[in-house]
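In the block that follows, a single chain appears as structure tokens, in the form predicted on its own.
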């Protein structure tokens, strides 16, 4: 746990090209995360409507852009980079509650204030939508409202899985579950995870340990053990290669 950072970010308007055919939302159309994000339900013929209300925001590493308890005035759709989500304690410490990858939609709240804080781990780009403008979109596009409900349901499932992870799983099971979750990030709905491959984990070992309720030493020992068991290979920096997805899945399920 660490002290809470200040929330600072810079933004610039979404790039919109005006052509002979009207407003051309080429940026939204060509967005690499659109197939996995809430924007996927907007038809190409209507994408310019979405682009008109979006603001592309660039957040530098270590900077916050959602402050817990602050008025929930905006929604954020992550388009690149990795975001750290956390809850604050009264004494200024914080507990990491999750990581948001490209395609994640942040800011859904049942109250008028944010229930969590968010900070960029590396350089993060998000599309920012004001609550007022998003309300107008929901009126015009009912499919978008249903997609947001799905997103809220997914957040509930993730919270339940996190409670299971912290309450019942062993250290090895927690790390295995975390690696599997990272392999799933960015996949299309229903798309099966790959049988293996390289993971880039921009978060520190300390962040991973905080999220999993472990010490940094335990996370490091567990990764070394997994390497010895032929489950993973640990490269330089933040690179981890999944060698045996099957072994990780067995371990994460509590059968290792």
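By rigid core we mean the largest C-alpha set that fits within 1.5 Å across both forms. Predicted model, so just to flag it, every value in this text is computed and none were measured. Positions refer to the first chain, counted from 1.
Below, we turn to the form predicted together with the DNA, even though it does not appear here.
Visitor: Decide yes or no: are 204, 213 and 217 jointly within 4.5 Å of the DNA in the model of the complex, with each residue judged by its heavy atoms?
Guide: Yes, because 204, 213 and 217 each have a heavy atom that approaches the DNA to within 4.5 Å in the model of the complex.
Visitor: Considering 49, 34, 221, 63, which brings a non-hydrogen atom within 4.5 Å of the DNA in the model of the complex?
Guide: Contact with the DNA in the model of the complex is made by 221 alone.
Visitor: Which pick from 111, 154, 170, 73 sits with a heavy atom within 4.5 Å of the DNA in the model of the complex?
Guide: Selected option: 170.
Visitor: Please identify, from 41-49, 227-235, 26-34, 55-63, the stretch that has a heavy atom within 4.5 Å of the DNA in the model of the complex.
Guide: Result for this chain: 227-235.
Visitor: Would the C-alpha of residue 173 be classed as shifted by 2 Å or more between this form and the one not shown after rigid-core alignment?
Guide: Yes; that C-alpha moves by at least 2 Å between this form and the one not shown.
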